[in-house]
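In the block that follows, a single chain appears as structure tokens, in the form predicted on its own.
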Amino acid sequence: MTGTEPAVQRIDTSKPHPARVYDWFLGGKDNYPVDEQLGRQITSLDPGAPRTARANRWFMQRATRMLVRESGIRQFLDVGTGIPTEPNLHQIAQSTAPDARVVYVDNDPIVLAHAAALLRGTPEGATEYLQADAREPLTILQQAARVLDFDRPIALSLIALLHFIPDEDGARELVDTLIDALAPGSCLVLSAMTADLEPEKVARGIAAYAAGGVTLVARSHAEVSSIFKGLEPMDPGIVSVSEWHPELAEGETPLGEGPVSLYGGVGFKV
């Protein structure tokens, strides 16, 4: 990791950014008025947008807890990290397994500027941040191998990433390349936007993001399930993230009634 000053200089605060809008949805402080403006515009079209962001965050936390406590996973590769709103993945993993090793990957100067917060892990384990593009999986694998042992199981975390990458830009290929490099016993943890549950609201949200210069892709249940092809799904399979092991909730506030338009799931490589 290089210093954060060049990254700060590259941050454009004149345009909204999805990572900062997401941070605003979560109640974070690492966003600017232009991000809040887009966030409020999206919320006016879809009042459930902040709720969806919280549900997605909680899915990541639940999945991490289960993998550490019940599956013995001690290595995590989190691609498309985003702004480190706490508690983040390494904090969840290392609170149970202090020796857990976590590599965060993002190519965003905003995330790089906050990378120091990502690196405060336990002395027994390892927490590292790599600046790399998700569309260059071979580069990610090469750099991550300096921290992670690819001969042992790794949880590949792709949380709310693929709806920013259409299939024509190589979404399926990047997932396949990363999974192919993992040892048996590894797993994919994935959440992705869908229009199956609330088609009109999701369409309005996609349009609002597009007006802010951000392209989103909604995928059907069949399309998300196909990403897990060849993997052994963990119960309950591919479901709305709010329905994935709610018994693992810790510190979550009630979401209220209604669907959450993100599918999530965990699949193991056998």
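Since we're looking at a predicted model, the values are computed, not measured. The numbering used is simple: start at 1 and walk along the sequence shown.
One more form of this protein should be noted, the form predicted in complex with a small molecule, which is absent from this view; the next part is about it.
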For the small molecule in the predicted complex, the stretch among 195 to 203, 182 to 190, 145 to 153, 108 to 116 with residues bearing a heavy atom within 4.5 Å is 108 to 116
Exercise: residue 77 in contact with the small molecule in the predicted complex, heavy atom 4.5 Å | no
Does at least one non-hydrogen atom of residue 132 fall within 4.5 angstroms of the small molecule in the predicted complex?
-> yes
Using 4.5 Å between non-hydrogen atoms, is residue 24 touching the small molecule in the predicted complex?
-> no
Please run the contact check for residue 57 against the small molecule in the predicted complex: heavy atoms, 4.5 angstroms, yes or no?
-> yes
Which one, 126, 161, 141, 97, lies within 4.5 Å of the small molecule in the predicted complex by heavy atoms?
-> 161
